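Next up: just one chain, as structure tokens, the form predicted on its own.
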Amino acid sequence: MILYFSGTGNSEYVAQKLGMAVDDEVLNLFEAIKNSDFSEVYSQRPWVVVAPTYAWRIPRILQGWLERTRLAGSEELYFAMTCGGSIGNAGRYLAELCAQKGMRYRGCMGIVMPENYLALFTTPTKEEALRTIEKADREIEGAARLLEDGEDFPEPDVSFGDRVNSGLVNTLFYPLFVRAKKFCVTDACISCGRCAAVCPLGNVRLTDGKPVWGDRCTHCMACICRCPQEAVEYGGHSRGLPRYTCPQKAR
């Protein structure tokens, strides 16, 4: 079974593409994470977790869900991580997670997808995004072949910088950068509630028809990128930048 968490659609695309290639069930973890549902999930086939890369590791909200949820049936666990450039030394921590769960770690593959992190970076145009996805499709096809053949995902070479990024930088990233206080809304807001609906932590609520952010943000960028009016901003950095949601559907 293929499990995925996705804020703006990159990991959803990869998961759906893998699912079709290997003819396996695909499960969106959004509701389970949002509702703190840690009910047992069962699969006879190897597990594949598809996730975005947050500071060179999987998102902490997904890590916490995996730690608390029993994956029954198969004891084999693969990971595919969508990223803007690198997954660093994420594999080390995923191997530790598998050992903690008593499961066999089958490797982690990084798949470069279009950048979506509007809090720090610039998002691509639709044309640039489609070119990146076209390249990613070949990586997804390679991952599918490995799954069908029962082979491990190859581990990338890990540099000193990778170890620092997935270790110290990741540790500091959350308390220093992952905050919601810079999110705000412009007069373009139509009070549709989309931002609240797509937040995986229930961190956005409408007050007098306008969104208000709490202190449980994970910086998935769903609220800012999925606003139909582009009314959500992240301080001054996001102004004038294109919002990003995956422009391609798996087929």
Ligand SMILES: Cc1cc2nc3c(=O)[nH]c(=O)nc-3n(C[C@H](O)[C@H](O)[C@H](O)COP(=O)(O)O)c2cc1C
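Each residue number is its position in the shown sequence, starting from 1. Worth saying up front: this structure is predicted, and the values here are computed from it rather than measured.
Although it is not shown, the form predicted in complex with the ligand is what the next lines describe.
- The ligand in the model of the complex comes within 4.5 Å of no heavy atom belonging to residue 142.
- Within 4.5 Å of any heavy atom of the ligand in the model of the complex lies no heavy atom of residue 71.
- Interface residue remark: residue 91 is not counted as part of the site for the ligand in the model of the complex, having no heavy atom within 4.5 Å.
- At the 4.5 Å threshold, heavy atoms of residue 55 reach the ligand in the model of the complex.
- Put simply, of 85, 154, 150, 161 only one has a heavy atom within 4.5 Å of the ligand in the model of the complex, and it is 85.
- Note that among 72-80, 131-139, 116-124, 101-109, the stretch whose heavy atoms approach the ligand to within 4.5 Å in the model of the complex is 116-124.
- Using a 4.5 Å cut-off on any heavy atom, the one residue of 152-182 that reaches the ligand in the model of the complex is 173.
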